[in-house]
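First comes one chain, alone, set out as structure tokens in the form predicted on its own.
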């Protein structure tokens, strides 16, 4: 069962490449729906451990954990309406469907891999479809955005590859399996762990992203197809927090402790800076991009707090923002289709003639800014709690971003749906309702029933929470009186 969320999208992508374009969306949506259905049952799936490159200790190893299963569910759910919208709006729907399905299969492989080298393979494979989406459907300045994206990703990947190449020989681990590595790497000297952790962190910070490795994000979103389907893929691909949670911290807890005083402030500043930047944007897409960057800062402070609550919250928020941010990008695309622009000055007063569009956007915006009862709030709350447990000062910085989020969310809604009337606009069509219904269901699901997901993450069989509970960090010592 564990291979289905990986192989089914990849097989469907290959099949669609040989099918008439008219069938692409139907086949792709069906494959994503089945993938989601299987993903909801991953909790009881058996692990897989097959030989691959025995001489290097590399195997085909997959094992579901609480965090990985939750993220596969969220990503697969978000991909269903994204494929539908891509089929409605892309001028080459087959290219869009193949790229999105290939991305989903590789992303699920990244989440479920329990071999470090295999994880790295899927890390690289999942990059390719996002580059194809930008190259095939991007705007006039897509080449510059593409080159910047590749440069950041390549530099981070090289750093991680160096750590991967070194971690087994230095530790003497029997293989690259997570369990074998952890049995050996946690005994490494703190200085060695810090250097290895830095290599992983360089790659994971690019894909969180957090300052100063974030610059590619805004350009890519601005140059992606206006309909938003490529932006949803970009939203799902913000997996650096998962890398820290599932790999770096469990394998190198002393390295995480050594670098926490430097990385936690970067994450907190990212949260606040992204939120403040969002309040200053003049177009809807840049506004969402900066707001999403702020969320990644909160994910970062949660994971880097090295506390069970914070790390659990970071993963909950990572999954939840896949739905709220993804939905906002598709809504922005729907508004662009009505006005031909993302500029706020071209909107205003649309709520008078499009009340359903205004109502749905308001609900999703409330989820985006962390209103209780909706998807983002549980993870955001726990992540900030963890940040305060690690450092009161940086916790204050991070929580200020939530205040700013309320400001930018209300301002954006006012600019689009209230304010001066700029003319009538069409309300949501039936196909648009169908697209947004999946996101609305997910947003309510993650918001109303966070306990099921948080319990699964905290009960994770992997050692991430154990490392967080047992690692005493310099920041934590200062804020908790020297004991945890």
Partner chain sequence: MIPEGISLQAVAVPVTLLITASLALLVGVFNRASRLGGSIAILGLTVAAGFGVFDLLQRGSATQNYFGLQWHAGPVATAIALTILLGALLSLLIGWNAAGAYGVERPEYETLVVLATLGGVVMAHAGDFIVLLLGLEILSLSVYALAAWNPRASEEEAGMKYFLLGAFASAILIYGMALTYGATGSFAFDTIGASLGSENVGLLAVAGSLLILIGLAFKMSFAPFHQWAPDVYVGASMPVTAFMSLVVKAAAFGAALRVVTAAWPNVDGVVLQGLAVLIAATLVVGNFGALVQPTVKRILAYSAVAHAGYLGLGLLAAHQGVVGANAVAWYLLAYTAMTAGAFAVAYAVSGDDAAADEVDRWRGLGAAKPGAAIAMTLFLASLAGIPPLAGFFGKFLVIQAAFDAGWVWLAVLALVSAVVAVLYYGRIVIAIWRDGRLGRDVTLPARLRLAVVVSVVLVVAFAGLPAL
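Numbering follows the first chain given and starts at 1. Because the structure is a prediction, the values reported are computed rather than measured.
The next section is about a form of this same protein that is not shown, the form predicted in complex with the partner chain.
Comment: 153-161 is the region of 186-194, 245-253, 273-281, 153-161 lying near the partner chain in the predicted bound form, near meaning a non-hydrogen atom within 4.5 Å. Contact annotation for the candidate site: 371, 421 and 449 all lie away from the partner chain in the predicted bound form (no heavy atom within 4.5 Å).
Among heavy atoms of residue 445, none comes within 4.5 Å of the partner chain in the predicted bound form. Using a 4.5 Å cutoff between non-hydrogen atoms, residue 169 counts as a contact of the partner chain in the predicted bound form. Of the heavy atoms in residue 125, some are within 4.5 Å of the partner chain in the predicted bound form.
Although the partner is absent here, residue 52 lies within 4.5 Å of the partner chain in the predicted bound form, judged by heavy atoms. Of the residues given (262, 165, 403, 352), 165 alone sits with a heavy atom within 4.5 Å of the partner chain in the predicted bound form. Residue in contact with the partner chain in the predicted bound form (any heavy atom within 4.5 Å), chosen from 137, 176, 347, 377: 176. In the predicted bound form, the partner chain lies within 4.5 angstroms of at least one heavy atom of each of the following residues of 126-147: 128, 143, 146, 147, in sequence order.
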